[in-house]
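What follows is a single chain, given as C-alpha cells, in the form predicted alone.
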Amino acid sequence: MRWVVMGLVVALVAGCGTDPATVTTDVGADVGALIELPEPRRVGDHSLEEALAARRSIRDFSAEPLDDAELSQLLWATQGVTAERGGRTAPSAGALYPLEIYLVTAQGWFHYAPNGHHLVEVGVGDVRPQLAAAALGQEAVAAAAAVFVVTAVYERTAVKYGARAERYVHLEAGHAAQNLLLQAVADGLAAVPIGAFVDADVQSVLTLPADHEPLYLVPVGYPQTDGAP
C-alpha cells in the first residue's frame, strides 16, 4: 500500500475544507499525517441485485493486501459524502452524523474524514493481533487485510433526539455496515460484521477518544482459496 503523505494534519486541516469535528477535535491529541485517497467511482460492474444475492459472511482471508483504490471505495461506501449539503451514503437521523470510521491495516490505523475523503494517521504498526484479542480471539480480525471499525459519538444525536438517540445511532451503524458489506461483494472481496468484542479493549488498542464508542468491527480482504497462503 503506497499512500502519499501530504503533511501534518494540524498544518493542513485549516486550509483543506475538512470538517474540524471529524478530524482535529474528535481525534484529539492524535496528530498524524493526512493521507489523500483516490477518488471513488460512482459506476460499477455489478448490480445491487447481484451484490445482495452474493453477500455472505466470510471469515477466511488470503494474505493479499488491498490497494488504495479498494480502500478508498470501501470507506466511501461506508460514510462517503454524496451531496454538496453534506449528505452521505448512509442515512442519518437529523443529518447529525454520529458515526466515526477507523481503518486498521498492517501499516497502522487511521481515522476517516468524509469531508475531503482522506485519512488521518492515528498510529503506526500492525495492531490487528491486539484488536483480534479484544474481539475475543476471533482470527478473522487478525487475518483480514483491513478492519473497518465503526464507532459512534452518541451525544451528537442526543442533542436533538434525547433518549431516542441510541436507537437511531444503532440503526445508522447498521446502514453503514451494510453499505460496506455490499461494496465488498461488488469488488470481489470477502467481509464479515463482528459485534463480539470488549469495547474498552478496542478503544485502548486504537487509542480512541473516550466518546468514540465502538459498535462494529468489519474485517475485509480477499477470500481464502484452495492453495492460497
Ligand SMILES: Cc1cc2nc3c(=O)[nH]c(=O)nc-3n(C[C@H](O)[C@H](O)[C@H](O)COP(=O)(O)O)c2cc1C
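From a predicted model like this one, the values you see are computed outputs, not experimental measurements. Residue positions are given as counts along the sequence shown, with the first one as 1.
The protein also exists as the form predicted in complex with the ligand; that form is not presented, and the subsequent description refers to it.
Among the residues 55, 175, 46, 160, the one placing a heavy atom within 4.5 Å of the ligand in the predicted complex is 55. Checking 192, 34, 186, 169 for any heavy atom within 4.5 Å of the ligand in the predicted complex turns up a single hit: 192.
For the candidate spot formed by 76, 81 and 179, no residue has a non-hydrogen atom within 4.5 angstroms of the ligand in the predicted complex. Within 4.5 Å of some heavy atom of the ligand in the predicted complex lies at least one heavy atom of residue 138. In the predicted complex, residue 63 stays away from the ligand, with no heavy atom inside 4.5 Å.
The ligand in the predicted complex comes within 4.5 Å of a heavy atom belonging to residue 196. Only one segment in the set 38-46, 199-207, 55-63, 161-169 has any non-hydrogen atom within 4.5 angstroms of the ligand in the predicted complex, and it is 55-63. Contacts between 201-224 and the ligand, taken as any heavy atom within 4.5 Å in the predicted complex, involve only 216.
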